[in-house]
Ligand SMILES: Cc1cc2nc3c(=O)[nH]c(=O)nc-3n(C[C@H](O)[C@H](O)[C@H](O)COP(=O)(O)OP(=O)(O)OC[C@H]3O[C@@H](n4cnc5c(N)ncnc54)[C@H](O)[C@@H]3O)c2cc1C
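There is one chain below, alone, in structure tokens, taken in the form predicted on its own.
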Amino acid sequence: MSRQDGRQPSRASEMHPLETHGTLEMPTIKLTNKPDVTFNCADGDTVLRAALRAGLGFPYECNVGSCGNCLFEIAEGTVEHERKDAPGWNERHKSRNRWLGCQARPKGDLAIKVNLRDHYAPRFKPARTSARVESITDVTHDIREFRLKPAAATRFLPGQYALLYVPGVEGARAYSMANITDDGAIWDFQIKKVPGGAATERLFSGVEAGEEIAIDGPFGMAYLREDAPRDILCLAGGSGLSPMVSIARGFAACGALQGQQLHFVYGGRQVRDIAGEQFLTELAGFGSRIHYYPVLSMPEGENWSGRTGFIHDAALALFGDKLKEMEIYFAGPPAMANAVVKMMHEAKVPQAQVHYDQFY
């Protein structure tokens, strides 16, 4: 459940996402449990992403083989798995001819069984395109904002993510957008440098303004619910900052939410890790209906008089029983995400009011 950006990589072939192998016909995929539903899969695409591009509600979360929510059963045909060691797939699944939609590339026509759900049907269909790096800006000592301009403008919802194919790095990485958009012309990503991470090492040391990066999106189910009648709580750690900033910006711009409050809790180890307030102060309503709470988990030796501890404890201390009456969004490293899920369960927060993308 990490928003450690990048999340677990998709260990795909080194084929550029906009290239194909040169086949003349796209495989056709039909659903055995819904015979009237068929869709095509472009060469090099996966079953899941092809279904989403067709506007179908194919269940998923992480898109990189970790969560297992996109499992489907093959009745006819064969596929190749991009990631052989995907955490969301095991020998038992393989013995039952079940495969991960986000990792399965058809070798030809397929007949599959999967339970489509309207909830997963994309509001904006994901698209593969190239994007130009417009600017790179420091947010903290280890988080940078990369502004990308897609060749083909594509809209997205506050809180969603995209797959980036970093030049010179095998496979895709999933990063969340930090901005909101009416036309999809600009996509901003606040990305945290991961020590030893191939993608972020390349992004931080080798990528410059003017360079082209292939992107695919939007994806993700932890987007802002504009019709929810409750106050909003955003919990973020590390580069979980990016989607929560997007949620806050969407909240400020949404007329339907003008009567509600948004509370933004951001956690870091030390003072230099703290961020987010600089983006919230730009929003109408900061201080009156948008509130910011920084928390340090390792304040020893720091000149810090604010809240200390872990994010989940801070949220419980701040809101207590009110958590059950809030719409809650969160993103961050695995330990934080697991602790938040446990706390929400113990606080008896209705599951339908908790939104996050499952990354492990």
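Position 1 is the first residue in the sequence shown; the rest follow in order. From a predicted model like this one, the values you see are computed outputs, not experimental measurements.
The following text describes the form predicted together with this ligand, which does not appear among the structures shown.
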Review point. According to a 4.5 angstroms non-hydrogen atom cut-off, is A198 in contact with this ligand in the predicted bound form?
Key: yes
Point to revise | this ligand contact at Y161 in the predicted bound form, heavy atom, 4.5 Å | key: yes
Check your understanding: Contact between Y175 and this ligand in the predicted bound form at 4.5 Å, heavy atoms?
Key -> yes
Check your understanding: Is there a heavy atom of L235 no more than 4.5 Å from a heavy atom of this ligand in the predicted bound form?
Key -> no
Review point. Would this ligand be touched by all three of D231, I311 and V349 in the predicted bound form, meaning a heavy atom each within 4.5 Å?
Key: no
Review point. Out of V194, I290, V79, I180, which one falls within 4.5 Å of this ligand in the predicted bound form, going by heavy atoms?
Key: V194
Review point. Any idea which of 299-307, 320-328, 37-45, 60-68 reaches within 4.5 Å of this ligand in the predicted bound form, heavy atoms considered?
Key: 60-68
